[in-house]
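Form predicted alone, single chain, as C-alpha cells, below.
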C-alpha cells in the first residue's frame, strides 16, 4: 500500500512538472530568441534594437500611471465599501453586496460598446483617463477588504469607539492595518491584469500619447514591412514582461502568503 501511495505521489509530481514546463515554455522561448543568436552566442543587440524601435519610455510611463493609479483608486473604493458592508447595517445592504459580486462574475468586455460610447460622448477617447475609467471600481477589491474586515474582533472596534474614534478613524487606524494581506493580494490581481490588458486600451487609443506597453508591443509587431522579426518581437516582449516577472520572483513567498491569508487557500 505504501509503495502504491509513493508511486501516486511521484506520478502527481511528474504531471505537475510537465504542466509547469508547458506553461513556462513560451517564456523560455521568448528569452532564448532575445538573448541567443543563431550561432548560440549571448547578445544584447536584440534588446537594444527593440528599445530604439518604439517609444517604450512613453509606453512605460503610460502603463505605470494607468496600473498604479487604478490600484490606488480601486483600493480606496474597495476599502470604504468593504468597511461599510462588513461593519454597517443598512437598508439594501444585501443588494449592494450582490451588485459587487455580479461585477466579479460579469466580464467588463460585455459592456465594451456602451463604455466606448460613453467615453466618446465625454471626449475621453485616446487618454489615460479613458482607459482607467471603466475599471475605477473593482468588485474583487470590495470583496477582499470585506473578508479582511470581517475578521477584526468586535472588541477592538468597541475599544476604538470608547476612545472617541469616528468611523473614518476606525477605518484608518484599526481596520486598514489588519487588511494589509488583502491589499497585497489584490495588488497582485490588479497590477498583473492591467499591466497586460490589451483589448480595451487598443480600442480607445489611436496614438502613442496614451498607449500602454502591451498595445505598443502590438503596434511594433505590425510595423515591420518585411514580415515578422521574431527576435525583435521577443525582445520587445521581454521589455514588457520583465518588470512583472522580477516583482513576482522577488516577492513570490509574500504573495503566496497574502493570497492564502486573504482567500483561505
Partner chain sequence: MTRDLPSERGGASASPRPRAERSSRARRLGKELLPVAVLAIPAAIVVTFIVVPAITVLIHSLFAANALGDVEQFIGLGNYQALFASPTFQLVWINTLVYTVLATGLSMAVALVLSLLLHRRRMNLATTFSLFSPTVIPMIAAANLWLYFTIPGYGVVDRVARFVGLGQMNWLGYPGTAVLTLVLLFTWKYAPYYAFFLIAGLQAVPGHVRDAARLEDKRGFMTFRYVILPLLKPMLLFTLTLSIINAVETIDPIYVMTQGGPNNATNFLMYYLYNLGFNYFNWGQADALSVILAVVLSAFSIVYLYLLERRSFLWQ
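Positions refer to the first chain, counted from 1. Owing to the predicted nature of the structure, the values given are computational and were not obtained by experimental measurement. Definition used throughout: the rigid core is the maximal C-alpha set that superposes within 1.5 Å between two forms.
Quick note: we don't show the form predicted in complex with the partner chain, though the next part is all about it.
Contact between residue 115 and the partner chain in the model of the complex is found at the 4.5 Å heavy atom cutoff. Contact annotation: residue 148 falls outside 4.5 Å of the partner chain in the model of the complex, judged by heavy atom distances. A residue is said to contact a partner when one of its heavy atoms sits within 4.5 Å of a partner heavy atom; residue 54 fails this definition for the partner chain in the model of the complex, lying far away.
Looking at residue 185, you'd find every heavy atom of it more than 4.5 angstroms from the partner chain in the model of the complex.
This chain appears without its partner; in the model of the complex, the one residue of 208, 30, 49, 43 with a heavy atom within 4.5 Å of the partner chain is 30. Contact annotation for 81-106: residues with any non-hydrogen atom within 4.5 angstroms of the partner chain in the model of the complex are 81, 84, 85, 88, 89, 90, 91, 96, 99, 100, 101, 102, 103, 104, 105, 106, listed in sequence order. With the core held fixed, residue 213 shows a CA shift below 2 Å between this form and the one not shown.
Core-superposed comparison between this form and the one not shown: the C-alpha position of residue 196 differs by less than 2 Å. Comparing the forms between this form and the one not shown on their rigid core, the Cα displacement of residue 33 reaches 2 Å or more.
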